[in-house]
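Next up is one chain by itself, shown in structure tokens, the form predicted on its own.
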Amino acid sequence: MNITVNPTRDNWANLTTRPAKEAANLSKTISDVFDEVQVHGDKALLLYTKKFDKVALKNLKVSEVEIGQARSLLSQDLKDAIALAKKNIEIFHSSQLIEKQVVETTNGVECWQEMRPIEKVGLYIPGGTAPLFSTILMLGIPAKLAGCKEIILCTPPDVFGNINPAILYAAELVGVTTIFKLGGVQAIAALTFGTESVPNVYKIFGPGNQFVTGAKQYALTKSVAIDMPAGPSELMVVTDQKANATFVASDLLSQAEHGHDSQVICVSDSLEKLKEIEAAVEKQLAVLPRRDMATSAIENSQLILIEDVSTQIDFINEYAPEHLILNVENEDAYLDNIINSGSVFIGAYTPESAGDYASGTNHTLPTNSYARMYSGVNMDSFTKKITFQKITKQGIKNIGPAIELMAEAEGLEAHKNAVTLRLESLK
């Protein structure tokens, strides 16, 4: 890993540039797939599945038999672990539900807002080397709590046409409506337009590679919402001289193993500690099963000496990390001043892995500096807030004259007239 000592602010952006993959004709590929799926429906989906996933399917929909088989393939210990995570995620997300609160803004004028579910949502879950069944919990549980009527899940099959049993088990557990063996750009296109088999949805959630990410952004142009802009996973750890270097190294590697383009950054006020962490990373990396992938990510990562706490905080807010671990003794000096971060993990015994799986918070978070303006997935992500108002005769008398004056000043005579007629009727 690269060690940088007290970088100037002018160099911060260069130092923390996210790794990016360039894909030739990415936009054209996405638009071509969308066009084919819109015109040819299931036929196009089956052809793309054969082309990209190397399997010829007869049916895209996962059967009840397959779901039943998945239950028997998982150990009871794993089922118990998933149940614990589900309980904690439900507890945390349930606390975000708001109750109706009527506010009288003026005598005779009552206003309130109520949450309503997004009726149809699509969840995309990657397969491959890391089948992210935990993401089903993170997306499916709040969708169910919100009251979404249709929760459609797409995930790519393996070369035998199967879906990882943990994905199927988690999907059934949280109440996913229908599961499809469908990955990549074609899955996002199917959720966008709908086909003979796959229903269209109003909002699409979930992580994916650069093609899936690009497809989700393209779906925005087709009147479908998405959870947030997404990019490679990232983690920043802030340490002091008393931090356990072994713990810190394990946190850095837990994020680095996500993918070749992940980025991890460690900031410390001690050069000696940074060197100790670097040595611990090398030791742990040598025995990781996914060490090749983690090694690539580590090459994109940084160890940075910043001795002043206030400068560290400015650096954190400038980078706006997806995940931030504060492994420092004086955590209170940081907390109130953290403005830009997807999720914050406080103390030596709060690994980022806890948020990924079982503490209860959501692990679907903004990356690539989008934490400056986006929140992670929460109950608001699956709902809309509708405002209501009710005005009595006295209420229109109280605010009517102000409305008339403002409408007239904007040159909107019909707006003014809608109030004037009512006021005259009350004379």
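What you are looking at is a predicted structure, and each value in this text was computed from that prediction instead of being measured. When you see a residue number, it is the position in the sequence shown, counting from 1.
What comes next is about the form predicted together with another copy of the chain, which does not appear here.
Contact with another copy of the chain in the predicted bound form, defined as a heavy atom within 4.5 Å, holds for exactly one of V309, A225, L305, L173, namely A225. This chain is displayed alone, yet in the predicted bound form one of Q210, T177, S353, T295 has a heavy atom within 4.5 Å of another copy of the chain; that residue is S353. Across the proposed site, F52, M236 and N300 without exception lack any heavy atom within 4.5 Å of another copy of the chain in the predicted bound form. Annotated contact segment (heavy atom within 4.5 Å of another copy of the chain in the predicted bound form): 366-374, selected among 42-50, 25-33, 56-64, 366-374. The closest heavy atom approach of E119 to another copy of the chain in the predicted bound form falls within 4.5 Å. Contact annotation for N162: none of its heavy atoms lies within 4.5 Å of another copy of the chain in the predicted bound form. Using a 4.5 angstroms threshold between heavy atoms, V281 stays clear of another copy of the chain in the predicted bound form. Not displayed here, another copy of the chain is approached by F133 to within 4.5 Å at the level of heavy atoms in the predicted bound form.
Interface residues of 337-356, taken as those with a heavy atom within 4.5 Å of another copy of the chain in the predicted bound form (partner not displayed): I338, I339, N340, S341, G342, S343, V344, F345, I346, A348, Y349, T350, P351, S353, A354, G355, D356, in sequence order.
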